[in-house]
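Here we start with a single chain on its own, the form predicted alone, put down as structure tokens.
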């Protein structure tokens, strides 16, 4: 098979670094372009010594003409409100764009403006963007030119809740989510300083987190009904991973075995969903993998569901590569198992 030439824009961030690490093990990929905001062009192995003797490529400030001439697929590992200024330039050149920011996830422009405090600058391409959650959008992903790669909290929350919402079996949903510090990116902020974070735990953006409307939009679309829920994110002092604990009420009494069968119905063919019948997931079983582990316990009409993912892999870079594999018609597990 001809090599897929890939570019990573935003290569110096946590997600960019993770994309490079994973793509280096892909048998059909050639990393052919890297960019980031740098003072002067620099070898990627100087930024990240782990890549020495594995990738000899210079990382430089973005040159669209050079980049489009060297890539088939481009990953935008950029901040929100930046991707929508860059993605159109690649799309007009016929390149496949996988955007890991939130710029193409929310279809309602008013909601985007409310949560991201900016007017969307690319209405045309927003309409054609496909939400990159393979478990529910695989057929659309196959034909896509622009992928809106899901957020990390939404990936865990949606995959956990969607089967029960589609079956109309759950209500009164509360999502209690905890994320590793890498979910915040490499921003040099005081609250993410080691001395503040070590031994600490805190909630943030209690009523205004930008992933809330994304979770609601996609769950409402998948279940074909309006979904309401509460969502509270927290930061925990670990390097990577997300653990989501969801509290809810069942709409009718149902046995554990019946619930097991529902999850099997939706996910038995999914390569990266692992469903646990007897135990609840934990972070150490999923970090450095693209797996999404789901488990639950119920008593009467009360149910507690738990999901664990690696925020940098299934919550970002790994899922983006999974989407690329689907679009390019290769085994979607490549570089991820």
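Positions refer to the first chain, counted from 1. If you're wondering where the values come from, they're calculated on a predicted model, not measured in any experiment.
The protein also exists as the form predicted together with a further copy of the same chain; that form is not presented, and the subsequent description refers to it.
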> in the predicted bound form, which of the stretches 148 to 156, 84 to 92, 103 to 111, 237 to 245 has residues with heavy atoms within 4.5 Å of a further copy of the same chain?
Replying inline: 237 to 245
> Looking at 253, 143, 225, 193, which has any heavy atom no more than 4.5 Å from a further copy of the same chain in the predicted bound form?
Replying inline: 193
> Which residue among 221, 176, 122, 167 has a heavy atom within 4.5 angstroms of a further copy of the same chain in the predicted bound form?
Replying inline: 176
> Are all three of 32, 126 and 136 close to a further copy of the same chain in the predicted bound form, meaning a heavy atom of each within 4.5 Å?
Replying inline: no
> Though only this chain appears here, would residue 43 touch a further copy of the same chain in the predicted bound form if you measure heavy atom gaps against 4.5 Å?
Replying inline: no
> At the 4.5 Å heavy atom threshold, is residue 203 in contact with a further copy of the same chain in the predicted bound form?
Replying inline: yes
> Can you check whether residue 68 is within 4.5 Å of a further copy of the same chain in the predicted bound form, heavy atom basis?
Replying inline: no
>> Can you work out whether residue 288 and a further copy of the same chain are in contact in the predicted bound form, taking contact to mean some heavy atom pair no more than 4.5 Å apart?
In response: yes
> Listed by sequence position, which residues of 33 to 52 have a non-hydrogen atom within 4.5 angstroms of a further copy of the same chain in the predicted bound form?
Replying inline: 49, 50, 51, 52
